[in-house]
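First, one chain by itself: the form predicted alone, in structure tokens.
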């Protein structure tokens, strides 16, 4: 079934996906120009809470949407532990596994306040490195009042090693520039290792600035993804028990059942935004012709989940700056050739 509007869309049929393009030009077939981009592009922030943001990006080409997704994942920099000097490790965790775990602990450090390290083998300096230490030893808890307890927390001291045990060691004048709470692990209760009496860790940790294409630990986002805006249209009236059956074919909140002016219970579209495109409705021969499911091809729903060092909005802005700098560098190269 064709939908007569000015939005380019794909139609979700039972066994295939078809394209429905309007008669006029769309963002998919127009030549990309800054003028067209400014005229049609629009960003609407839907949700921005804690370290997660959801926004709609309307009127852009898929190549541009994917460009920003890849930039946020792999080129926006962050700080992470890159080198671990192990002076003593008598725990049961191997050195390389321990170092890998430490590298994946997200740090609060703002990467915009640090420089890239010019020489990876050189000693860290104040502008490019953060130094930490982890010194902890497990022992029997002789002060416990629960003598008969078999719980490790009662029997031992420091049996669990958490990210809160990592201590910052300022380099140069870093103590004047940062507070302890500005550069340490984002969460204090990330479990690093379990120990027993006789186990000890004595480590030096060095964090530097880099980006996700070097290693995933430097990516500032837990995830950054987008999807096309779903659109559902009920093309004929569905009432009574059929309305409730139709409601169950979709994600919660997508289809509602309301009472019309004649007192009948009829199905209506409440919010197609969170439909997953499951196409369960095609299981019912008497319902599959009642709805048309589609996705708008120039309307992207972006979700950015930050690991905590930067706000999602700041990560997106950094991606914009990176693309701007890349374009300027390319133009410079073309003009000089």
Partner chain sequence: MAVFSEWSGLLYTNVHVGTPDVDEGFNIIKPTTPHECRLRDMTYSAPISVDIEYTRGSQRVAKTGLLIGRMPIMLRSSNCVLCNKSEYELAKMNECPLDPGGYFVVKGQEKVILIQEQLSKNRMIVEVAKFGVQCQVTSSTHEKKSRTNVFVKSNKYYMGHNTFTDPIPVSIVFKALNSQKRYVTAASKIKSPTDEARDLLATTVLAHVPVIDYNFRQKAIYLGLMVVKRVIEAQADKKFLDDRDYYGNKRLELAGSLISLMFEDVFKRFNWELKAIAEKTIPKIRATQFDVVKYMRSDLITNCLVFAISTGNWTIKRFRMERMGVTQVLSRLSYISALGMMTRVNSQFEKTRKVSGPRSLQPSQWGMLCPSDTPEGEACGLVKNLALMTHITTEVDDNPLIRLAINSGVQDINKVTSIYIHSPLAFMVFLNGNILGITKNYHMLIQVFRTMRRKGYISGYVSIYPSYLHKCVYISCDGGRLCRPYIIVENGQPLVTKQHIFELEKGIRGFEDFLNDGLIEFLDVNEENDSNIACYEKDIVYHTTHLEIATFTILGVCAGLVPYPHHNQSPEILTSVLWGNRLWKCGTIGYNQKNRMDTLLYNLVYPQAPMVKTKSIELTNFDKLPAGQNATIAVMSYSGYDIEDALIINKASIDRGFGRCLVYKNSKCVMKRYANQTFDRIQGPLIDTTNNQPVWKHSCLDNDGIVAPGELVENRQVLVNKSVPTVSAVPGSTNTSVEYKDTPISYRNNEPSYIEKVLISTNEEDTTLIKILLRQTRRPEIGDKFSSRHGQKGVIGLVVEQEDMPFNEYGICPDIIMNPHGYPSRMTVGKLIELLAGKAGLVEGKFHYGTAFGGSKVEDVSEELVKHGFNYQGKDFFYSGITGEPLEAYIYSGPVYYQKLKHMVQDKIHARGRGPRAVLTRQPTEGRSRDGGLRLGEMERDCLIGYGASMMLVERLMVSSDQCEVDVCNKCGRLGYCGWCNSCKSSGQVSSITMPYACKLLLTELQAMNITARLTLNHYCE
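Positions refer to the first chain, counted from 1. All of these numbers come straight from a predicted model, not from anything done at the bench.
If you look for the form predicted in complex with the partner chain, you will not find it shown, but the lines that follow are about it.
The closest heavy atom approach of residue 227 to the partner chain in the predicted complex falls within 4.5 Å. Contact check for residue 47: every heavy atom lies farther than 4.5 Å from the partner chain in the predicted complex.
At the 4.5 Å threshold, heavy atoms of residue 214 reach the partner chain in the predicted complex. By the criterion of a heavy atom within 4.5 Å, residue 92 is counted among the residues contacting the partner chain in the predicted complex. Judged by heavy atoms within 4.5 Å of the partner chain in the predicted complex, the contact stretch among the candidates 281 to 289, 50 to 58, 308 to 316, 36 to 44 is 281 to 289. When contacts are defined as a non-hydrogen atom within 4.5 Å, all of 10, 66 and 96 contact the partner chain in the predicted complex.
A heavy atom within 4.5 Å of the partner chain in the predicted complex is found for one listed residue only; from 109, 193, 73, 255, this is 73. In terms of contact with the partner chain in the predicted complex, the residue from 204, 167, 117, 101 that brings a heavy atom within 4.5 Å is 101.
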